[in-house]
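Next comes just one chain, in structure tokens: the form predicted on its own.
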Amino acid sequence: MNYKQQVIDFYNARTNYDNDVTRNRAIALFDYTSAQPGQSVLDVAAGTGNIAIGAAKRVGANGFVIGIDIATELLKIAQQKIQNENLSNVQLIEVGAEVYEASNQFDAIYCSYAIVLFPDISAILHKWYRFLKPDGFVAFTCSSENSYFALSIVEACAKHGITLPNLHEPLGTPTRIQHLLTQANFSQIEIHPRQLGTYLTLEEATSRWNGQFWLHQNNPLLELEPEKIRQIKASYDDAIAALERDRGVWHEELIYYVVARKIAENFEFSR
């Protein structure tokens, strides 16, 4: 199964994804920047439509929102919510971000909790820069490189000679975020960290990873024998146990809310 299909299947199976927690952490992007009445918005990886619907209400009848995603089941949920809200300025399109095309069309581009899933993040950022009108902005979320026990998982694999790419590594620090955005010609870069982590019981923490699941285009775990997977999982469990304290095991969920702009002067110079 190819990587894109893995992503589709994973999100299509999450029909219970829509809840107060996922909604609130998505629309928190509006705390840092928001589209204005009459503007045009692209919501990449629109999912269940929380960003698209929030943006549609902000841009009003004279603006429009396009939401794109490859997860059909989530788009169905989003469409139903749009109908329930009687919104006529939102269009949902089932298409991958890598193949969707536009040029100098949008005032704002949002991407909530999905940018790390793209195989070539640099290429996506360059594409979004091209999509934006001068003075437009991009707003997205990403996680620290150690969120969701990522480093413990990577280290457990390394102990058994398996090199596992860290999904969160490319955008896992403010410095890396700044670098990739600057490379794509963005300016006025803002990075707002929010710590959403919590303490888990040891049982909860060890159950967060099964020893094989990893959404990355290069996932060597899919090719391993079950015994090897069991060994890696045991090493992960040991590593998590070593993190246990009186309050439990700290589960980091450090989210970076990022905003960057396509400044008109930069646009003219790049042409």
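So that there is no doubt, residue numbering starts at 1 and follows the sequence shown. All values derive from a computational prediction rather than experimental measurement.
One more form of this protein, predicted together with a small molecule, exists but is not displayed; see below.
J.: I need to confirm a contact call. Of 135, 190, 98, 169, which residue comes within 4.5 Å of the small molecule in the model of the complex, counting heavy atoms only?
T.: Only one option qualifies, and that one is 98.
J.: Consider the chain as shown here, without its partner, and state which of 206, 40, 235, 50 has a heavy atom within 4.5 Å of the small molecule in the model of the complex.
T.: After the contact test, the surviving option is 50.
J.: If you check in the model of the complex, do 35, 64 and 109 all have a non-hydrogen atom within 4.5 Å of the small molecule?
T.: Looking in the model of the complex, the three residues 35, 64 and 109 all stay beyond 4.5 Å of the small molecule (heavy atoms).
J.: Residue 180 versus the small molecule, in the model of the complex: is there a non-hydrogen atom within 4.5 Å?
T.: Outside the cut-off, so no.
J.: In the model of the complex, does residue 129 have a heavy atom within 4.5 Å of the small molecule?
T.: No, residue 129 is distant from the partner.
J.: Please tell me whether any heavy atom belonging to residue 118 falls inside 4.5 Å of a heavy atom of the small molecule, as the geometry stands in the model of the complex.
T.: Yes, residue 118 lies within 4.5 Å of the small molecule in the model of the complex.
J.: Residue-level contact is defined here as any heavy atom of the residue lying within 4.5 Å of the small molecule in the model of the complex; does residue 240 satisfy this criterion?
T.: It does not: once the small molecule is placed as it appears in the model of the complex, residue 240 has no heavy atom within 4.5 Å of it.
J.: For the chain shown here without its partner, which stretch in 153 to 161, 83 to 91, 70 to 78, 182 to 190 has non-hydrogen atoms within 4.5 angstroms of the small molecule in the model of the complex?
T.: Partner-contacting stretch among the options: 70 to 78.
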